[in-house]
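Just one chain is shown here, as structure tokens, and it is the form predicted on its own.
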């Protein structure tokens, strides 16, 4: 990798002051499980690396306004082992538990997961975020079995975040700090569909860092995540679904159905959510909701299989949220 300057700040204020005006000026190092690979492959070559692992403000999980505040530097292992997560946020617990590598779980962070770059092999081999050549997509006419089946933009990669779909379904907010102060962004607006190689997949400027994830109270929200993977060892899912249901008795009052690894962002299957309102969840309703969620899918030449896998994920996540065993 290229030589770089290393900085080790002890506060958020100090850290953001060490970032730059462009992405090439500086990069944030948390667990490093993604950044170091990108630097070794020369996909990213920042002039400065800013280590945020030792900043106490970014650590810990605590109750906040009936919900939870999860520091950006909390590891996946810490998140999985947090006492009330499985009870109140089973969708997030399942998504975190799906990261099975002990090394990744102990080094990788929550902030790192939602900010990681795409796993698209075209991007990782230096063909740019959109993988375009002479105005044409390399993905469309190339190897695309793991790419997107939703979205109208030029990007065909899929959002790599394991936690993203659950955070969007739960209505989480992402806290972001810069030299000018702190702001909150809805998780649904944090993940972006870039239109050029100069853009990023998340709503961060080069001089900003994620400081925390804020989860709203979820004691009365039934939620679940179901993932379809090629193998149980370290791997990214082929398709996932996270759902969050508020109920009126045994009928759905409102529903969020969010798909993962099928689009450049966690994909809000809004029509499925609307269709579920007033329904009582059973196997037939869950299957029809799955059909609604995938109605607009546009698979590429090698990934039509993702449509069925995503349907399975939606159906099983809904049944799990309703407490129906399959």
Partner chain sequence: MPEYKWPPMEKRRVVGKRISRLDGIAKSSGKAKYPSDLNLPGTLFGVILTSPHAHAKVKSIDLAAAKAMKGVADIRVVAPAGTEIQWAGAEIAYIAAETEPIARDAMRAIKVDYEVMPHLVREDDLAKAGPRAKAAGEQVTGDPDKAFREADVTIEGSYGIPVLTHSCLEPHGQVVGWKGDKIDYYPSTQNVSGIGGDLARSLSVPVNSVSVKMDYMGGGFGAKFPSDIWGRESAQMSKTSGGKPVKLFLDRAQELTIAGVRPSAYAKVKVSAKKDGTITGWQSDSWATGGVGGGGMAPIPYVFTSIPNKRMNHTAVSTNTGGARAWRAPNHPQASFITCAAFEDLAAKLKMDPTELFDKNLGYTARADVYRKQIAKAKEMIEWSKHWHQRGEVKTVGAAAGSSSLRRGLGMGIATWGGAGHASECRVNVHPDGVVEIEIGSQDIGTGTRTAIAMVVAEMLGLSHTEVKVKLGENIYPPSGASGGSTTIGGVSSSSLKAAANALEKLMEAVAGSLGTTPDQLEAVDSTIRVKGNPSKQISWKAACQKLGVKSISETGKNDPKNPGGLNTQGVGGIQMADVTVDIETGVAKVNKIIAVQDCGLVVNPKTAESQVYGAMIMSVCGALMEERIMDEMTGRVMNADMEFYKLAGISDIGEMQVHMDISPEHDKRGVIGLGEPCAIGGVAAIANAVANAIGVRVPTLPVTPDKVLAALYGDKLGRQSLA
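Given the structure is predicted, the values throughout are model-derived calculations rather than measurements. Numbering follows the first chain given and starts at 1.
A second form of this protein, the form predicted in complex with the partner chain, is not displayed here; the remarks below concern that form.
Checked against the partner chain in the predicted complex, the candidates 106, 196, 254, 141 yield a single residue with a heavy atom inside 4.5 Å, and that residue is 141. Contact annotation: of the candidates 127, 173, 93, 222, the single residue with a non-hydrogen atom within 4.5 angstroms of the partner chain in the predicted complex is 127. Screening 148 to 156, 162 to 170, 245 to 253, 115 to 123 for residues having heavy atoms within 4.5 Å of the partner chain in the predicted complex returns a single hit, 115 to 123. Using a 4.5 angstroms threshold between heavy atoms, residue 179 stays clear of the partner chain in the predicted complex.
Contact check for residue 302: a heavy atom falls within 4.5 Å of the partner chain in the predicted complex. For the chain shown alone, residue 309 is a contact residue for the partner chain in the predicted complex, at least one non-hydrogen atom being within 4.5 angstroms. Residue contact with the partner chain in the predicted complex: residue 183 places no heavy atom within 4.5 Å of it. Interface residues of 226 to 242, taken as those with a heavy atom within 4.5 Å of the partner chain in the predicted complex (partner not displayed): 228, 229, 230, 231, 232, 233, 235, 236, 238, in sequence order.
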